[in-house]
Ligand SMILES: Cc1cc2nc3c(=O)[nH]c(=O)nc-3n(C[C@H](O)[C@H](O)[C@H](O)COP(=O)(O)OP(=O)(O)OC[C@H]3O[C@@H](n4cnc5c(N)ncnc54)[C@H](O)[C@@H]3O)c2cc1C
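Only one chain comes next, encoded as structure tokens, the form predicted on its own.
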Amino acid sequence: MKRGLVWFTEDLRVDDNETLLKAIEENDEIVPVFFLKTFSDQLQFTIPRRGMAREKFIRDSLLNLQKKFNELGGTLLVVEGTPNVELPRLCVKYQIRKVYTKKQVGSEEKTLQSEIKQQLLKLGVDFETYSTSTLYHPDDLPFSVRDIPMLFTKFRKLTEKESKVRVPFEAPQRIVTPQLEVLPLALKECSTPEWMIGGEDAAQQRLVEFIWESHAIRTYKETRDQLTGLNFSSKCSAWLSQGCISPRRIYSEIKRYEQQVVSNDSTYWLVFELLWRDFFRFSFKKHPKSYFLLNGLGQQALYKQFDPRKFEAWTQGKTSQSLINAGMNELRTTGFISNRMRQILASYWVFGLKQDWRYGAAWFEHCLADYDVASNWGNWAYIAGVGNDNRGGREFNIEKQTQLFDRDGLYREMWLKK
């Protein structure tokens, strides 16, 4: 009896999941497992890493993944403990011959994987990782990871010219697992938006709605900077962050829409955003620790101080700027804000309040349901002028941003009451 263990992390899906398919292909039975306790239980710059919005989204996603497994004949094991303690124990208990999991980009996550690999080698258990979270497979890039361009434009042009996006894998038809004890998974209550339901089914439904039902993708480039509403953007970031849907599946649907309906700047722009996501993930592979340092990729940070009173005012929506207060209220309450508002809030923390940018990034990590280590820290470093940019950061004029994106005051009216 060949038996493999699939360690799920930010890949909570059965569709286009090479890790899962390889395990099924090479074994008679698999033990799929997710560990609830990770680095999210620790502090980042004195700030709890995982807030209620992300906790709720993850648990929603796990319940849906359990449902998907049940439909295919298997079971998903959700473990309360930490992987470095529980994974070796499970390997012994279920006589595992090999562990399968996705490759990580964060420095701490990569270190954890390395430590566990060494533990498993002592048990005679193989450990293999797969790249499942990017649009382009790293093996298909026109450069090695150590030669990733510093600037996004060069990365995009070379990649688009010389690389191809692989065809997504189809979901398995059947999953065979041993009898596993499934513990009840407690749900968390949080005031997330109505549309933000974790899980693969919700992700696929949202993709259909945005592309095929509303045809909102046709005008995405023109609407993407709006602050409120559902279809001004795809809203796929949360599902991407937990791997409920793959970038390649989104890409394949965009291409199908372009072939059957229309191809324009807006349909391309959603691919453009997926490329930005790839860029940060690959850059993290090249600089696994630098994005968490004050000076980032080697530039000089303008501000290194941290004032707890300013942090309190910023996070609680009590600054002198009404647009900032509204945005921080939405973020704190729902775990989500538009991309434009994220840039405005980050710029104000760094340049308006003249503070260490990393505390802002850590607060976003705590609040955002769609937190992704590479996108969050990469974008914050970019705004602060210590990341993948050669223009010294992004300082926004708050009054101008208010006139451009909330001239009628409806957004502020909605969130200043909170």
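Please read these numbers as outputs of a predicted model, since none were measured by experiment. Numbering starts at 1 and runs along the sequence shown.
Keep in mind that the form predicted together with the named molecule is not shown, yet the notes after this line are about it.
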query	finding
Contact segment among 351-359, 26-34, 59-67, 375-383, judged by heavy atoms lying within 4.5 Å of the named molecule in the predicted bound form	375-383
Non-hydrogen atom within 4.5 angstroms of the named molecule in the predicted bound form for each of L77, K117 and F127	no
In the predicted bound form, the one of T159, S241, S283, Q113 near the named molecule [non-hydrogen atom within 4.5 angstroms]	S241
Residue (of T101, T267, S338, S246) lying close to the named molecule in the predicted bound form, criterion heavy atoms within 4.5 Å	S338
Interface membership of L368, the named molecule in the predicted bound form, 4.5 Å heavy atom rule	yes
4.5 Å heavy atom contact, W276 to the named molecule in the predicted bound form	yes
4.5 Å heavy atom contact, A216 to the named molecule in the predicted bound form	no
4.5 angstroms heavy atom contact with the named molecule in the predicted bound form for S234	yes
